[in-house]
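Below you will find one chain, with nothing else, as structure tokens; this is the form predicted alone, and questions on how it binds or moves follow later.
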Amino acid sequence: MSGFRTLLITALAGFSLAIQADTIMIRGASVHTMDKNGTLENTDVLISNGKIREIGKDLSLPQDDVYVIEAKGKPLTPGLFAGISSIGIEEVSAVEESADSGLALQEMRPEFNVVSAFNPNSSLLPITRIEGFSFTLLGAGAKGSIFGGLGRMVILNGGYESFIGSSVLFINIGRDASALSGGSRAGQWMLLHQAMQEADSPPSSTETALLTRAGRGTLSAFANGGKVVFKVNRASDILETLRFANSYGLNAVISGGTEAWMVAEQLAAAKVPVVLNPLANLPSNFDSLGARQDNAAILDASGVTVIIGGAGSHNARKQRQMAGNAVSYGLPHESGLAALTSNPARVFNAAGQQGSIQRNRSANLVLWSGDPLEVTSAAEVVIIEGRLIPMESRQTKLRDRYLPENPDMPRAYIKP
């Protein structure tokens, strides 16, 4: 094959590469497009200059240097969503100087934005992406206020300017925010209503204000359809959230939603998506007495857009297992994949760059050893923005250093 370089999938499974391939051909995959075309069997995908150029059977190779990956019928999906996380803004949660996801000031600062703290060189990025995840939503956590602050979607390509979509505001409701609102759930809504009213009509000089000028500007901007993630679990709190969001024109997303199944019809009618953890199946507090494992299935059947989340920044790989659990409790398999791909991309305004396999879209793809929702499957090839990602991380380097196949010395003495 003069002029071409062919890489078999068996060789790709564990290789360490620094490949700069302008053109890549994936041959004979089971392509989960995550759009109206559904799943295309024994299909080729041609990638060039970062974009998907062709999708079809028996595609011809262009007359230039091409990396050919023989998929042999294995599943090809869009890159997966790593949930609402602190990837790149938190290295070790217990080490204060490495955790930048929350503001500890005891005042309302919705203008706090975690994006400026993002570090694309964090060890969590390669750990996450070699497991098949190409994007995440940076979340702002509340340490001193029911307003967490602002976050944004980011592509896990290791770039400094990898943000996509628009800013997202985070608000915390329920037991976790009780200590931040005078110890009462009613106090949370009182403060939230007052804050939104301040954004619309600034207080006079004789009144005590909740917000800074910048905070009022932030809330005012979101009152015109801005995306707001409400961390809330109890059914009654979810209904109050819907009323609050409707009152101020907020584009609400429920995060947590342990009891969301109880109000599935109301969520569907309001067209409010839910980011949930399908493993929340037992009451762990008074906000989750209605926890059940078929939460995602009930919501999906009711017409609610479901997104899988909750694995945490250091365990994003478990998102696949969570989706698989949801499928085992009644969520259709295709809906399980959508909850990790097209749904979060669409909800958080990143559909043009993530979540589906379409012509002339950014090439963010993963080739799997088997069903991506099976815990025994693994990502064999990861492509982000058209580039083959090195399948190595800090963990794989430590593994390779300390677990050689035929050591001549005890492990403690082995050096690379």
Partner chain sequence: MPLKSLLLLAMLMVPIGTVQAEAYASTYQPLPSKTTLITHATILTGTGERLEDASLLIENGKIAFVGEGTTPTGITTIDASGLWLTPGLIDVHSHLGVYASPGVKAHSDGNEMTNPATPNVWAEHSVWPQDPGFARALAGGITSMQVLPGSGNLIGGRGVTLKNIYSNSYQGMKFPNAPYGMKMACGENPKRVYGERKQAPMTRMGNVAAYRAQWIDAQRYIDDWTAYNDKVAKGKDGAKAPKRDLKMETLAGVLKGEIIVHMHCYRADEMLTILDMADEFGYKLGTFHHGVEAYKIADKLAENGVCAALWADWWGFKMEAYDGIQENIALVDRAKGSCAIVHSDSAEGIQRLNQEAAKAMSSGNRSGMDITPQRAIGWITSNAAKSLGIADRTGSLEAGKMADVVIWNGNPFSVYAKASQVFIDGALVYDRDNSNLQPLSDFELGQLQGVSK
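Residue numbers count along the first chain shown, from 1. For clarity, every value in this text was computed on a predicted model and none was experimentally measured.
If you look for the form predicted together with the partner chain, you will not find it shown, but the lines that follow are about it.
(message) Which is the contacting stretch out of 246-254, 181-189, 151-159, 126-134, given heavy atoms within 4.5 Å of the partner chain in the predicted complex?
(response) Stretch with heavy atoms near the partner: 126-134.
(request) Mark A264 yes when one of its heavy atoms lies within 4.5 Å of a heavy atom of the partner chain in the predicted complex, and no otherwise. (result) No - in the predicted complex, heavy atoms of A264 and the partner chain never come within 4.5 Å of each other.
(message) Within 4.5 Å, heavy atoms only: does G290 come near the partner chain in the predicted complex?
(response) Flag for G290 set to yes.
(request) Although the partner chain is absent from this view, report whether E91 comes within 4.5 Å of it in the predicted complex, heavy atoms only. (result) Answer yes; at least one heavy atom of E91 falls within 4.5 Å of the partner chain in the predicted complex.
(message) Would you classify V327 as touching the partner chain in the predicted complex, given a 4.5 Å non-hydrogen atom cut-off?
(response) The answer is yes: V327 has a heavy atom within 4.5 Å of the partner chain.
(message) Using a 4.5 Å heavy atom cut-off, which residue among K143, K227, R346, R317 comes into contact with the partner chain in the predicted complex?
(response) By the 4.5 Å heavy-atom cutoff, the listed residue in contact is R317.
(message) Looking at D65, E41, D35, E374 here, can you tell me which has any non-hydrogen atom within 4.5 angstroms of the partner chain in the predicted complex?
(response) Answer to the contact question: E374.
(request) Quick one: name the residues from 221-255 with any non-hydrogen atom within 4.5 angstroms of the partner chain in the predicted complex. (result) Result: empty, none.
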